[in-house]
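Just one chain is shown here, as structure tokens, and it is the form predicted alone.
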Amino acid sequence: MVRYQIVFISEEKKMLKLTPPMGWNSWNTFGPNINEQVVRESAKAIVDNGLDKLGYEYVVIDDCWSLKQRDENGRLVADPEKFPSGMKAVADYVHSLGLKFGMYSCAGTVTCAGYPASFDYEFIDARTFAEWGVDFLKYDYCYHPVAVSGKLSYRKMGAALANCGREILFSACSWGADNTHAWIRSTGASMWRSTGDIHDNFNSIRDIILQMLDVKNNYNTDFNGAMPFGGIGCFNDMDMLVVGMNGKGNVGLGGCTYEEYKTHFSAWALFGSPLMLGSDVRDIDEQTKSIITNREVIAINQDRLCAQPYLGYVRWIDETPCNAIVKPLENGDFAVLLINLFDHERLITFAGEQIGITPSTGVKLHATDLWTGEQFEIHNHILLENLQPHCCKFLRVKLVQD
């Protein structure tokens, strides 16, 4: 008789992410000007501001952290001027705060900034990261050999991480190129970059949102419409947040208004993107803090159903949708985002029939505005909002039977 043993493995042990990861990444603000002091201060600021209590747990160093050459054993070496204590000490400090430590490498021969990358060094680099205490690896796609399939390179690093002796979250950053959506889950990645790089202006934010919605955008990728390909275990990554950058820093190209940052954060939350802060968390103004600490909006992002957002019947103007984006939630509610991506005032609509609710069902729609706290009934199952340019109205809608 053949006997089978059923083994239950915890979420933490398998590194299976049931909700989108949250944290902070150095690139948007600091770019190549990263160092040990910045990382330590940023990690402490996350705790001091109570962001860790809201789920922001990963502290990730991006590109430009290493020397330009490997050592005699082929290992990556942290730049001693930038990180005089070494990466293990930095990781230990981050862990002492109750946070997790992340680093960066690339599937190419060099990284995007020209530093040593992990092509053909996947297993030695994975072991190095494990020895340093790394919990998260962002894996970029610059300078990847054209004769090699991208999916094979990401699968190889996935295998290396799975066998390095430490649980390391694999964050694949191939920008949606080479049909990433078709093979990314085969790599073991927990999140994947489905768009090009973000910049701190609304044009960039709008392009990324439109790419998620399968409409015209400015990125040169192989496919549009990333919404159907994210979910539990491997989340669509729309890139780091620019909330609170205010035009400063490495990608601070113009900046956004407070309302534009709210729209940005709302969209990332609704689409189930990882919420990775990119601003200087050591200096958070009150407006920024009010956005990134909104528990009701974060709850939409962290909803454990992880359902796919969708547009119902679609009203288009100039290839841009003019009706709400909706998302089912685990308790039977719906997240509803009315968003004006136009540069002028526009009427945006939500109708109950988008979620299958018509007046004949005898079900009422009660809404809570996630930014103002206002509660109201959506009469006649239709909501019409004249929204100012780049603004949004983000609702949690509850079905109430008569």
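Just count from 1 along the sequence shown to find any residue number. Remember, predicted model here, so these are calculated numbers, not experimental data.
There is also a form predicted together with alpha-D-galactopyranose (GLA); it is not shown, and the following applies to it.
Considering 91, 112, 298, 99, which brings a non-hydrogen atom within 4.5 Å of alpha-D-galactopyranose (GLA) in the model of the complex?
Answer to the contact question: 112.
Could you check which residue among 126, 240, 107, 134 gets a heavy atom within 4.5 Å of alpha-D-galactopyranose (GLA) in the model of the complex?
It is 240 that has a heavy atom within 4.5 Å of the partner.
Indicate whether alpha-D-galactopyranose (GLA) has at least one heavy atom within 4.5 Å of a heavy atom of residue 264 in the model of the complex.
Flag for residue 264 set to no.
Any chance residue 197 has a heavy atom within 4.5 Å of alpha-D-galactopyranose (GLA) in the model of the complex?
Residue-level check for residue 197: yes, a contact with alpha-D-galactopyranose (GLA).
Taking the shortest heavy atom distance, is residue 36 within 4.5 Å of alpha-D-galactopyranose (GLA) in the model of the complex?
Residue 36 lies outside the contact set for alpha-D-galactopyranose (GLA).
Report yes if any heavy atom of residue 170 sits within 4.5 Å of a heavy atom of alpha-D-galactopyranose (GLA) in the model of the complex; otherwise report no.
Heavy-atom contact with alpha-D-galactopyranose (GLA) at 4.5 Å: absent for residue 170.
Are 62, 175 and 193 jointly within 4.5 Å of alpha-D-galactopyranose (GLA) in the model of the complex, each by at least one heavy atom?
The answer is yes: all three residues contact the partner (heavy atom, 4.5 Å cut-off).
Have a look at 273 to 281, 117 to 125, 254 to 262, 138 to 146 and name the one stretch with heavy atoms inside 4.5 Å of alpha-D-galactopyranose (GLA) in the model of the complex.
Answer to the contact question: 138 to 146.
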